[in-house]
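Have a look below at one chain only, the form predicted on its own, in structure tokens format.
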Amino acid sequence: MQRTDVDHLIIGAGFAGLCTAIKLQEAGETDFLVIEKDDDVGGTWHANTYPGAACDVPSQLYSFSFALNPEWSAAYSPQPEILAYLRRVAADSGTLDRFRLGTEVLDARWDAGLGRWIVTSTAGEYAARTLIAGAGGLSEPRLPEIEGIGSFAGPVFHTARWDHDVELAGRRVAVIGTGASAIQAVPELRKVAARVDVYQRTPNWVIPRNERRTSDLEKRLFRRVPAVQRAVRAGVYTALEARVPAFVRFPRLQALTEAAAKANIRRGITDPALRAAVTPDYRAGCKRILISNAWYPALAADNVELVTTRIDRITPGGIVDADGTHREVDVLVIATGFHVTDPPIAERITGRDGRTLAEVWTETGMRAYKGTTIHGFPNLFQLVGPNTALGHSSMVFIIESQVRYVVDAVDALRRSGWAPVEPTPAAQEAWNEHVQERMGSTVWTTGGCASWYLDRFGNNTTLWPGHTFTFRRHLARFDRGAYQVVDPAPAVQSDTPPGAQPGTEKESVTA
């Protein structure tokens, strides 16, 4: 098999992978490739095309700080606009010539002798000094473990793999799950389907979506005076950061959110029994807070039934509840989320001791240093890694913070002669102890629910327990003292990036 040598191999062409490519190029690191399993850039926003798909983070904040979009049509962007934005940024960046679409990672192994990651893909083999994983936590759909699901005779698909060839008009559709994708898809489904059965395990807090269209005047102003759009963006950012104390320090403040959600229920539903069924019994914020003006009216529609009885099994023709009720179904839609605390990409990455990342995390839960680097995995950088997700703001801010850290690390690696590094056990353990200690007072720990934020040990290894500007400060510079050299680096030739001066001596990166 032909092997391609490259300094940096980036997995994923969503926000994280695209940002990395752009910032590496700006730093003079032009020897990189981005491999993406799908046939287009966009990541989550290429994969999720279900009816009603849209962002629940305000548009002004859901874009790169270095590539603002003055053309957002509304306060919350629909999926096609976000995908178009990412395509445009990719095309304008001058990096697309190094994207390899339709290329899936099959295996990635650290080779100590070469000091490189050997990556096997569906399009060939790569040898990379650094491996930058930007696959994301919402990339692999999770299917429910329900008896008989494989026997269903009709179409079955996850919201993240929507089958647009399936005719839904006049059909009986069942939706399993009531999370972020379901609350967007169900209001659209009920417009065309004869009947929609919605299977709810636990209700979510759903607050109103403060939607508004962006006027033509605003768009013209944003285009001509970018400083105005930056000021608006700063205002949105500040407003979202103001919510952090209610999540991490004073969960009782979430009572305000609960009041808004209950008012939303009253506006959309008149039936007392249905109102009770959709009202959570845990603190708002313990699970992801959702936003919608259409969810509750959809549940109250004549052709929609909310089913709260546990599913017992699925038959070729429908779904049987625990109470024995059998509902006939033509199409089955799965809206049960993703592999967040057990990402499948971890099964394909093998570190220096011969264990996969999945095996390591099975023993300990997801752990990383600053959510980005992992002991035992030299020169591996995990974007949107453990404890980097947010419950209140835009992940793009976190991604940019991590990418800045990675670019600084790459600069240090080059100047040290590419001696491979990984965080020390002490540094990684201290970081994770700090994060989990901060979790103790958060609503995710005290709120009285079981959520996808938690791993099998009961630890929240998903979210960042603080302000985003605090996270950015932690990752402001590559902190060499937290790392150790793990293998001698191979000899290198002409590794100085264009426009940079070669280093005169090898720099120590030991702890």
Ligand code: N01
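Just so we're clear, the structure is a prediction, and the values are computed from it rather than from any experiment. Numbering starts at 1 and runs along the sequence shown.
A second form of this protein, the form predicted together with the ligand, is not displayed here; the remarks below concern that form.
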| item | value |
| --- | --- |
| Among the candidates Pro245, Pro144, Gly94, Pro78, the residue which, in the predicted complex, approaches the ligand to within 4.5 Å (heavy atoms) | Pro144 |
| Heavy atom within 4.5 Å of the ligand in the predicted complex - residue from Pro251, Gly268, Gly351, Gly179 | Gly179 |
| Touches the ligand in the predicted complex: Tyr50 (any heavy atom, 4.5 Å) | yes |
| Distance check, Thr202 to the ligand in the predicted complex, heavy atom within 4.5 Å | yes |
| 4.5 Å heavy atom contact, Thr336 to the ligand in the predicted complex | yes |
| 4.5 angstroms heavy atom contact with the ligand in the predicted complex for Trp45 | yes |
| Location of the ligand contact in the predicted complex, chosen stretch of 51-59, 465-473, 439-447, 32-40 [non-hydrogen atom, 4.5 Å] | 51-59 |
| Residues from 216-233 in contact with the ligand (non-hydrogen atom within 4.5 Å) in the predicted complex | none |
